[in-house]
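Consider the single chain below, provided in structure tokens and representing the form predicted alone.
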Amino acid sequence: MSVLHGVRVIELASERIAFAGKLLGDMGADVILLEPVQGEPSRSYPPFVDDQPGDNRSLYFLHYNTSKRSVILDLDTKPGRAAFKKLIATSDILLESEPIDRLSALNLDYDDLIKFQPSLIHVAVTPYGRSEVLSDLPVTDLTLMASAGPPWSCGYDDHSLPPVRGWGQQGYHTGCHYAFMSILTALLHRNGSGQGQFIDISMTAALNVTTEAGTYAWLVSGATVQRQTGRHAAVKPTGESQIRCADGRYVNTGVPPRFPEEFEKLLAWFKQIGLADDFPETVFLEMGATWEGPFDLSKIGEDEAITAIFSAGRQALIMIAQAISAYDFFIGCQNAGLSVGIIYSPEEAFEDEHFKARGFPVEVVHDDLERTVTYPGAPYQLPASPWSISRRAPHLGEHTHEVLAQL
């Protein structure tokens, strides 16, 4: 049984929180998507199934709204508000991204709702938090990312080029992940105490704390990290890690060996390919393989031996990558316990055997289209808590009668 089976979520439709609702639904919650009469605007977003625009063909909407039921409800009307209250009385979670005063003006905010549903978990996801008037200003995923900081760390070594925004609605996704984790924590708290709570999610704050060293380096030492091609932003430049393999495809050589067993496997692989004799620094790989205990990486640049060993590991990886195909390099590093990656386009990643073996591409039946559509699968694997897309995204108001009749 799915971990959230029996948990009912009321989601006030907004593209900013759609991913959080999807995560809850795919983990087994009964997510009821409340939409206005005209429908949630992202129903018309491209791209479309087979590049053909039309009702229920937006791949964007289909992806973000799996495992949900759709109910048309107008909160600006008295009957709509009455039905909303009845729904809340049967629900565990309210997930919304409304203007900061909208629900209170309708007498439908947390303090109003807990009078008849005291165990309610109410989650408000707004650009800057419920207490900030900035949250009511227009925003997009791009402006959220820019104001919070992640793009500063993304881009190329050539700083005459501007920063690069992460694609795929990362700004919305980050806020949604914090909402999802907060909901799970609140459910655990409620299971023990019987108490619900109000959760105020600032999407900007959520993004800011995901800038790795960017924010902390400034707060601690006043230092500014610099973006680097294909690797973590850092105050001091680090060595290049993207290498072109023998088949012309690029890889990111990732994290070099840091433990003796990793150096031992890398050295054996290096010799097998026949590169050891042409690499004077092989002696440092041998030193790494026989080193006692883990390396103190904080001494790189200070301790000559550690610096030489660490550098030799990086150079050996580069030489191997240049001598073989990208996929062979990836598999070889997996066998050596080293984290690397092939630089794929999204469609190439979907076809990679590694992703397929993990079960990432998932076929979802669309009875309305008389076909299946391939979706991204679980963002994480939780063996004790099964994940699945229980149903395709709903048509507008498809479940209005079914849900309201139960009230």
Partner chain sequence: MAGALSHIRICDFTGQLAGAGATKWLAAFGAEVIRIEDPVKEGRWDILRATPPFVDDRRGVDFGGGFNNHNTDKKGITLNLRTDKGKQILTEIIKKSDAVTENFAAGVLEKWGFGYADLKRIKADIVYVSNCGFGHNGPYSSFKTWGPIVQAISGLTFSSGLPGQPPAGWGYSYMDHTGGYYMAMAIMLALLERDNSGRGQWVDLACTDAGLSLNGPALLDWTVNQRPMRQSEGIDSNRSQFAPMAPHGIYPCSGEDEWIAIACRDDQEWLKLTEVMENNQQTSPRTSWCRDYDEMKYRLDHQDELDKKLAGWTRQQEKFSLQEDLRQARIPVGAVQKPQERIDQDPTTAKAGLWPTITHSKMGQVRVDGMPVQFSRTPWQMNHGGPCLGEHTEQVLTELLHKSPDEVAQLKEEGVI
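Positions refer to the first chain, counted from 1. Note that the structure is a prediction, hence the values are computed from the model and not measured. So that the term is clear: the rigid core is the largest set of C-alpha atoms that superpose within 1.5 Å between two forms.
Separately, the form predicted together with the partner chain exists; it is not shown, and the next lines address it.
Checking 303, 112, 74, 200 for any heavy atom within 4.5 Å of the partner chain in the predicted complex turns up a single hit: 200. Think of it this way: in the predicted complex, the partner chain has a heavy atom of just one of 283, 105, 89, 137 within 4.5 Å, and the residue is 137. Contact with the partner chain in the predicted complex holds for none of 246, 263 and 311, as no heavy atom of theirs lies within 4.5 Å. Heavy atoms of residue 79 never reach within 4.5 Å of the partner chain in the predicted complex, leaving it off the interface. In the predicted complex, residue 404 stays away from the partner chain, with no heavy atom inside 4.5 Å.
The shortest heavy atom separation between residue 85 and the partner chain in the predicted complex exceeds 4.5 Å. Using a 4.5 Å cutoff between non-hydrogen atoms, residue 232 counts as a contact of the partner chain in the predicted complex. Annotated contact segment (heavy atom within 4.5 Å of the partner chain in the predicted complex): 139 to 147, selected among 139 to 147, 275 to 283, 316 to 324, 90 to 98. In the predicted complex, the partner chain lies within 4.5 angstroms of at least one heavy atom of each of the following residues of 345 to 379: 345, 346, 347, 348, 349, 350, 351, 352, 353, 354, 355, 357, 358, 360, 371, 373, 374, 375, 376, 377, 378, 379, in sequence order. Residue 230: CA moves 2 Å or more between the shown form and the other one after rigid-core fitting.
Residue 249 is among the residues whose C-alpha shifts by 2 Å or more between the shown form and the other one once the rigid core is aligned. Relative to the superposed core, residue 93 undergoes a C-alpha shift smaller than 2 Å between the shown form and the other one.
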